[in-house]
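First, one chain by itself in structure tokens, the form predicted on its own.
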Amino acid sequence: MISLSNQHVVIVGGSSGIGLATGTLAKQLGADVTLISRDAAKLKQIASQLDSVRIAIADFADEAATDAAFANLPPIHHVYVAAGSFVGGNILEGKMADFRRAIDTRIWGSVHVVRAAVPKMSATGSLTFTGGLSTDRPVKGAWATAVATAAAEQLARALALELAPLRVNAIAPGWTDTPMWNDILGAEKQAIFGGVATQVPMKRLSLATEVAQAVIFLMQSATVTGEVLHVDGGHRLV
């Protein structure tokens, strides 16, 4: 098991939800943590609350902004790409800009991070991408999200070979109670979450801290690579 003590962990999409939970846990384990996000206000608030965390502001769908965010960082051991969003819309009626955003964020955004980060990374380090439940259980009206999460998981498998001995994996969360859903579901959030929970074998949704623990496991496990670790309470099985 690899110790994170004094290792540099970079979280892309680290201003809230699973990304922030992972950065917080890594910090507790002794890591030097950098949080990257496009939300400058949230990052500055986090920096004032989380001791000695480093922040960088960038939208990682923007290649130049991603390069700039990584340019001045010290050598890196582990990177987790947490950024991504749920994008709904019927393929015949939805907005193409929204569909492109789902694909660009998880696929091209991840590629931008890889190209910016890997030259600075230790050969014993790791990259972790974010897939999701929708890879195995797509939801009607959210085809773009399903394609994007599946692509992120396949990217991990492909790059585990291309970038070896650097380890590359993906995390596949199920429905997870994070702030992202407040904006998407609004006042209906708790009712919808309650309905989803009845379908899950564990009868509850995952917490961001629980998914973060799985991400940390992938960073610390010296021989796990090319894997997709599911944290969904068994939802994909039912």
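Everything numeric here is computed off the predicted structure, so don't read it as measured data. Numbering starts at 1 and follows the sequence shown.
Another form exists, predicted together with a small molecule; not displayed. Remarks below refer to it.
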### Query
Does residue 53 make contact with the small molecule in the predicted complex, using a 4.5 Å heavy atom cut-off?
no
### Task
Flag residue 202 as yes or no: does it have a non-hydrogen atom within 4.5 angstroms of any non-hydrogen atom of the small molecule in the predicted complex?
no
### Query
residue 42: heavy atom within 4.5 Å of the small molecule in the predicted complex?
yes
### Task
May I ask you to state whether residue 60 is within 4.5 Å of the small molecule in the predicted complex, using heavy atom distances?
yes
### Task
Considering the small molecule in the predicted complex, find the one stretch among 136 to 144, 159 to 167, 76 to 84, 118 to 126 with heavy atoms no farther than 4.5 Å from it.
76 to 84
